[in-house]
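A lone chain, given as structure tokens: the form predicted on its own.
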């Protein structure tokens, strides 16, 4: 099989850089496997290792520093037939450490080559996650403050099923890379090498010293038996095939004519627990039943069980290009904290705006038309007030009709929930 190296962009590294050996070893592994360029994807990020995507005639993606594994995951899931190889330096590996952990846990069929030369070689020789504490580096004493990371032990602890640590100067490096690529699952090779442009200017390091250092560590040579499990992509497709097909989206056909033509805006101001967002959804569904365009924007605290809850709805016979609401046609005011969250809204409204409010809340001064409704005295629960307010609007053919409301309830609810919602409609019609 022909070389996949790019003859128009031959590998150029500093003299003595171990990356050159890895480049040729990777190409030899591809040739030994009989791979064509369209069968391989190389993903890289920033640093000297980030040049690999330009040195090969393969699919390639060059991304942000430390993020290469995330891009590779997407590529492999979308194109499972590709052999996807990620090249990353020790700098990028440190920056993207959380992505490395996710890749180990996930076990997607990717091969990660860490070109580990113990510093940020491209940006000035600063310390990285693997720099020894006694090394002299461009960031002065900072490497003395942090313990260097054992990438392979971290990967093994995180669930990586194939982990190898080796010197970039091994004669069988191509075979080591080939074995990792052939493994079905996430494989990682931590390859120790020399950075003559930065690191070895101040630190003595030779291939023999690398071999000696590796010899003092527990050997890691491939399969990690305790982490063996099915490859993520294959298992995902198996499990996904067993799932029931997702239900088709609810289709709301036009059955009625809207009570008004043009654009109508409604703002619901309430609190958590009052089902404000549900009422907003019901109003949108009602609009769809009359052939209207509809939008809904919600505002609520991240503490979803307390705090204000607001829904802003636009229903229109025309396309909705802007979803903001400055002067609503209707405001439904059901709690003080919801009113306070949108108090600036009241300064822009006039008598054309209808406000439906409950007793006990204080509205900012405005020229609006106010209709006070005591839902509580009618035995209606707080969680039903927002829907009850829609019934009041529907009775007066404002924004929606009762036919539109019932169609929305039938689209949104079923069984007991639907019966309860229709009972509420009848109760409000009769008592308010």
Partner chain sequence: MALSFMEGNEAIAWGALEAGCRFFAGYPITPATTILNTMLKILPPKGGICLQGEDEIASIGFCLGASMAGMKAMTATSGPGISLYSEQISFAVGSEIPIVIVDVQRLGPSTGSATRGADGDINFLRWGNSGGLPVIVLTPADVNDCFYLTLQAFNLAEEFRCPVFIASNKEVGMTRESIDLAAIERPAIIDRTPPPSGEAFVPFKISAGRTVPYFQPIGDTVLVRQTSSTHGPEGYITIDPDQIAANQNRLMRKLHTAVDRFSFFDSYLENSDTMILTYGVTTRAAQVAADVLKNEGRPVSLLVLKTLWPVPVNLIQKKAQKASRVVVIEMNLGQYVNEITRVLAGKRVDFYGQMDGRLITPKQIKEAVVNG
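Numbering follows the first chain given and starts at 1. As the structure is a computational prediction, the values presented were derived from the model and not from experiment.
Although not depicted, the form predicted together with the partner chain is the subject of the following passage.
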Discussion item. Between 306, 343, 182, 297, only one gets a heavy atom within 4.5 angstroms of the partner chain in the predicted complex; which residue is that?
Written reply: 297
Worksheet item: Of these, 228, 145, 212, 246, which has a heavy atom no more than 4.5 Å from the partner chain in the predicted complex?
Response: 246
Worksheet item: Hey, in the predicted complex, is residue 250 touching the partner chain, heavy atoms inside 4.5 Å?
Response: yes
Practice prompt. Although the partner chain is absent from this view, report whether residue 401 comes within 4.5 Å of it in the predicted complex, heavy atoms only.
Written response: no
Discussion item. Using a 4.5 angstroms cut-off on non-hydrogen atoms, would residue 53 count as touching the partner chain in the predicted complex?
Written reply: yes
Discussion item. Taking the partner chain as it sits in the predicted complex, is residue 159 in contact with it (heavy atom to heavy atom, 4.5 Å or less)?
Written reply: no
Worksheet entry | the partner chain in the predicted complex reached by all of 64, 77 and 82, non-hydrogen atom within 4.5 Å | yes
Worksheet item: Counting only non-hydrogen atoms, which stretch in 380 to 388, 401 to 409, 362 to 370, 32 to 40 is within 4.5 Å of the partner chain in the predicted complex?
Response: 32 to 40
Fill in: Those residues of 291 to 325 which, in the predicted complex, come within 4.5 Å of the partner chain by heavy atom
291, 292, 293, 294, 295, 296, 297, 298, 299, 300, 302, 320, 321, 322, 323, 324
